[in-house]
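Presented as structure tokens, the chain that follows is alone, the form predicted on its own.
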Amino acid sequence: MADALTQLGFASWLSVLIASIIKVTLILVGGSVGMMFLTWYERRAISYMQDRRGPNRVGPQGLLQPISEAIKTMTKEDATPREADRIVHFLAPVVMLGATVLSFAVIPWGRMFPVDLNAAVLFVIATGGLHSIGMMMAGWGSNNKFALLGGMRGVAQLISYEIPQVMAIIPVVLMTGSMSLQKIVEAQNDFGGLGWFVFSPVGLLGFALFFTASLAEGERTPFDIPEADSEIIAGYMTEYSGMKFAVFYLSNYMSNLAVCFITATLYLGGGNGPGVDALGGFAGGLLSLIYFLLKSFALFFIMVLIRATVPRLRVDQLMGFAWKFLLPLVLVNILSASFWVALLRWDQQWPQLTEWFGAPSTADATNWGRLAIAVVLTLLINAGAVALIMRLTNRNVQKHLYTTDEELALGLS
């Protein structure tokens, strides 16, 4: 875009500035419109699952309901508690939304890559970590005990789940040899556009672990304890109203959409699919964008399905799930990824392997023997780890099945 503006006679610095403003505006406007659609879609989908009608009064099939709610939110009084820290109280939703918008800068849209950073994965992780700062700012700046409790819950949850979330990406980086999202998408273009990492044992477990941890990062059910309405009103958002509350709401849905985009990019091939390379050009790019959006909205539907069917976890259950279940599995998956890379790529590093099963796969030829061994070995390792950890978890649950909450709190279990 900047090059096109330069060709029209604009100065280079002005072209970059105008192009950046246009991109940020498109993200904010597109995010707002997308959030309105997703709220309508989520409410309609959940109502269908629960044998209800959902929004159906404002517009056809309730499609204008989000617009009416947006108008209502904009006309509400923007109140700030008298004893609150006004600066921190105001900046908290800004930090949350800014962190979400930054993550969209490197997300590829099919075959369109806004910015190709060599460390795009690291950039996404870093911007995602800013959410915990915004949460704590909202809880502390509100000068409200419920808000502070929600903010502290949120920070503890995000820090705990960031560890398995980040470590779940390491196998993808090992398998591609790059932290560039463009390189990761290109690495999944084998087998007619269906060489997605999710079709490998390492990628399948990594996908499940990353998406589960991302649900906690996005405060989705059953990990929504930072704003548990049945316990602490609205958590860190208790003292927010009007447009400040709307900005939090917008940030929440945009971050969930970003999670779906990133998951589709890392594990579902991004915009890769049958027919994309065959069409090529504009038609191939359009088909790639369609594939990417379909994968992303399918992941969002899984989020909606989980919200409609899974109850909220207790704080101890939530933290235990991160440290006792997800973390051991991501460590095992990294080990499996190491075996996967060694079996598929090592040549001179392990001469006996080349003597037994031939040279590693190339762009023109696939060594099916090596691939089969890698699939079987990593499948056995990952399946055995999942079965063992689930057995240990069930044993721990049975142990505390008849223990009261008072006994757990006193450590008498």
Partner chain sequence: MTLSHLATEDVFVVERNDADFRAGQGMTKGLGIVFRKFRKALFGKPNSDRADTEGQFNVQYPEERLVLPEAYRNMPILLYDDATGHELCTSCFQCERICPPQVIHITQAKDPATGKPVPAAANFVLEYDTCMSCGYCAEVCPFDAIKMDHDFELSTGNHPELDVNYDRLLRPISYYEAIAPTMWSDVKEQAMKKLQNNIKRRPGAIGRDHGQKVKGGAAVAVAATPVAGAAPAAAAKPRGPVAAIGKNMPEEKVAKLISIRAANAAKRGGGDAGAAPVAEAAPIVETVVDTPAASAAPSGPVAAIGQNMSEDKRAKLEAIRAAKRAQRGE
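Positions refer to the first chain, counted from 1. Because the structure is a prediction, the values reported are computed rather than measured.
We do not show the form predicted together with the partner chain, though everything after this point is about it.
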Seminar exercise, completed: Note: the partner chain not shown here; in the model of the complex, the stretch from 368-376, 384-392, 29-37, 66-74 having heavy atoms within 4.5 Å of it is 384-392
Seminar exercise, completed: From 308, 342, 332, 204: within 4.5 Å of the partner chain in the model of the complex by heavy atoms is 308
For this session: Evaluate residue 301 for contact with the partner chain in the model of the complex, applying a 4.5 angstroms cut-off between non-hydrogen atoms, and reply yes or no.
Result: yes
Exercise. Can residue 49 be called a contact residue for the partner chain in the model of the complex at 4.5 Å between heavy atoms?
Worked result: yes
Exercise. Is there a heavy atom of residue 58 no more than 4.5 Å from a heavy atom of the partner chain in the model of the complex?
Worked result: no
